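The data below hold one chain only, encoded as structure tokens and taken in the form predicted on its own.
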């Protein structure tokens, strides 16, 4: 066995790049050309491949480290024969057409043998073309990870696409994001056999809808009409956008609108804040709404469920997500065990989570596990809207700005503070009558908060 230092290959014009993902750990067995880690510049991300097969003995980098061409990323224990073969090669001048073709077809790995090895006292640059991979056949069991980058694997997980069934159209059968999107479209169209044709759609089409029988996405040179400014979407918007697209297309959603009279509750909220002014905790209407929704979810448990194949999973815990507007896009922190917390505690926790969201410091654990989500536009305005369900949840409550309106009390019109409610629900799990009852019961609680105790 021989120890080999795996180094960062030629990364183009970038002086340094950041390690954003480590794909192996000490003790792992890797194959030649298998991705070891992902690095990112300010323009793109790329993977660092292994030039040899063997066992990872030591990692020399950690997340967020800065590396450059020639930096050692790990030490690999390889077979003596495998290590000696590349060392014996002499790299010819790069002008040779074959060498140029190999450099284009596969990543170039920089390998240096340990100082104790007499056969390789100096670093040797070896052009190692990746072994040709056969075209991927749908549903075929390969016994290995799909040939796709971490970002594509993550995207596929987010929209629920099994990569093992996707045929790659990239170099050496590599699966691209367009392939994943094409597969999802063909499945939704009811014909997975069209995935190969959908994968051939030109890159950057933005999802042309060809597999759905729709007209191609319009390609427009906006600059010919006037000045423009192009800005790339933030990561949060890209991730949330993919989720919203999937949820909007795959969930047969219906929205029920209603109004809740919160006149007395708002008066109680204002007085509570005056009494607790010294505590520093400001009670929000959203905190009351969370308590009221938890009570309603307990009465109508199908709204606190999820679909799992042909079964409905009813959850006996109540974790409530709330949409938070941040400079980088929409984020949904989750308050766990909301049924066990009072209004003051909920207000304090919401304030802390919202601040972490704005600062970009929310952990993944603080954004997962919700059983029901509230999207509130009360601080901005508007009347009603159709919120998109946050899968795998089956319902979401949209709340708009409360307004003072004349309400008939049986004898006369009186001014009442009305809160618009927009409940979107998955019609596969919930029918319209249940949704109407949900909103009516929720409105009753908000109108007389003592009902929470019942």
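These figures come from a predicted structure and were not determined experimentally. Positions refer to the first chain, counted from 1.
Here the subject shifts to the form predicted together with a small molecule, a form of this protein not shown in this document.
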Within 4.5 Å of the small molecule in the model of the complex, heavy atom basis, the matching stretch of 228 to 236, 372 to 380, 176 to 184, 307 to 315 is 372 to 380
Note: exactly one of 330, 72, 344, 254 sits with a heavy atom within 4.5 Å of the small molecule in the model of the complex, namely 330
Contact residue in the model of the complex, chosen from 356, 282, 246, 167 - any heavy atom within 4.5 Å of the small molecule
282
Though only this chain appears here, would residue 48 touch the small molecule in the model of the complex if you measure heavy atom gaps against 4.5 Å?
no
In the model of the complex, does residue 294 come within 4.5 Å of the small molecule, counting heavy atoms only?
no
Are any of the heavy atoms in residue 269 no more than 4.5 Å from a heavy atom of the small molecule in the model of the complex?
yes
Wondering, does residue 349 line up within 4.5 Å of the small molecule in the model of the complex on heavy atoms?
no
Taking the small molecule in the model of the complex, would 389, 423 and 436 all count as contacting it (heavy atom within 4.5 Å)?
no
